[in-house]
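Only one chain comes next, encoded as structure tokens, the form predicted on its own.
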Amino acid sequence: MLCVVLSLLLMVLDHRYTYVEGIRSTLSAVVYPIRFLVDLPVEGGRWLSETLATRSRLLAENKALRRENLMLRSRFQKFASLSQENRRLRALLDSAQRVGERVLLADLMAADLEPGRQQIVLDKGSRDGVYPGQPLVDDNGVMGQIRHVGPFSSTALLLTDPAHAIPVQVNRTGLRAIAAGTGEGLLKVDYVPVSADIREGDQLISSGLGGRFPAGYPVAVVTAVSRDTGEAYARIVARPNARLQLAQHVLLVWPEVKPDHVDALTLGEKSR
């Protein structure tokens, strides 16, 4: 009852007079730190929730943009080789390769990049339509082909694996050859005559022979050409365009032309 009477008295004094204004200001200053401490967990929780939500949204948007960029760059990476081919031989415009094969984005699950063994495991399998021998690329060029397929995952053989070989041609001259893996991150171009027009810096692109790999995709850049007197063939080394050591996402490609009986793996075995 005393508290009730005191409260009523304070309300009347506050309503009619200004005696309580000083007391209110003093109490407000005293209570503010307590109010701040009481509200701190709530405000901190709200700030943390908004920060995490913003970060999650930015990470999701960034991932989506990276995937979209990979898709777009792979669609247009053939333009440079097609332009060079058209300038080199205008008469073959009618047979120029079309851009726009069906592709599927896949993520790397594991990688085995030891010397003499260059393979990766992808998160796509037979339920996604993946098949043995299917080519895969990244946003810079050809990476390799599928070797084993399971229901939910598949194993791919990279260009640099010693068991892999791919038909290529020199983009500058049209010279055709076979590029085989060395097991050490590079390719060797076998059985190219010493007199052939090929030099350092030449871009090798997929020739499309056999139908296994789509024609016109960048494969490798020639880094060394050695011609010895008395030797029938030149020793040629090339560096893959694809970022085999850094790739996190790849594109599985369905060529528009179905492959015939020529197998890139078989070509590799024959070349050795």
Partner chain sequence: MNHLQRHQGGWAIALSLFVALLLAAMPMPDWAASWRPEWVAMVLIYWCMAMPGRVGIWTGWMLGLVLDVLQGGLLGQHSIGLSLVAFITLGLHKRLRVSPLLQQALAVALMLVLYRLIWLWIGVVTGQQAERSLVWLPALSSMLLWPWLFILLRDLRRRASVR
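Positions refer to the first chain, counted from 1. Basically, rigid core = biggest C-alpha set you can superpose within 1.5 Å across the two forms. None of these values were measured; they are calculated from a predicted model.
The same protein has a further form, the form predicted together with the partner chain, not shown here; the description that follows concerns it.
Interface membership of E114, defined by any non-hydrogen atom within 4.5 Å of the partner chain in the model of the complex, is confirmed. Residue contact with the partner chain in the model of the complex: N140 places no heavy atom within 4.5 Å of it. Using a 4.5 angstroms limit between non-hydrogen atoms, K63 is distant from the partner chain in the model of the complex. Although the partner is absent from this view, R55 stays clear of the partner chain in the model of the complex, with no non-hydrogen atom inside 4.5 angstroms.
Contact with the partner chain, judged by heavy atoms within 4.5 Å in the model of the complex, is confined among 63-71, 222-230, 37-45, 209-217 to 37-45.
Among the residues A163, A196, L108, L104, the one placing a heavy atom within 4.5 Å of the partner chain in the model of the complex is A163. A heavy atom within 4.5 Å of the partner chain in the model of the complex is found for one listed residue only; from R172, K188, R75, R147, this is R147. Contact annotation for 217-238: no residue has a non-hydrogen atom within 4.5 angstroms of the partner chain in the model of the complex.
Core-superposed comparison between the shown form and the other one: the Cα of R243 travels less than 2 Å.
Once the cores line up, the CA of D39 ends up 2 angstroms or more apart between the shown form and the other one. Note: E114-G150 Cα separation is 3 Å or more shorter in the model of the complex than here. In the model of the complex, the CA atoms of A177 and D112 sit farther apart than in the displayed form, by at least 3 angstroms.
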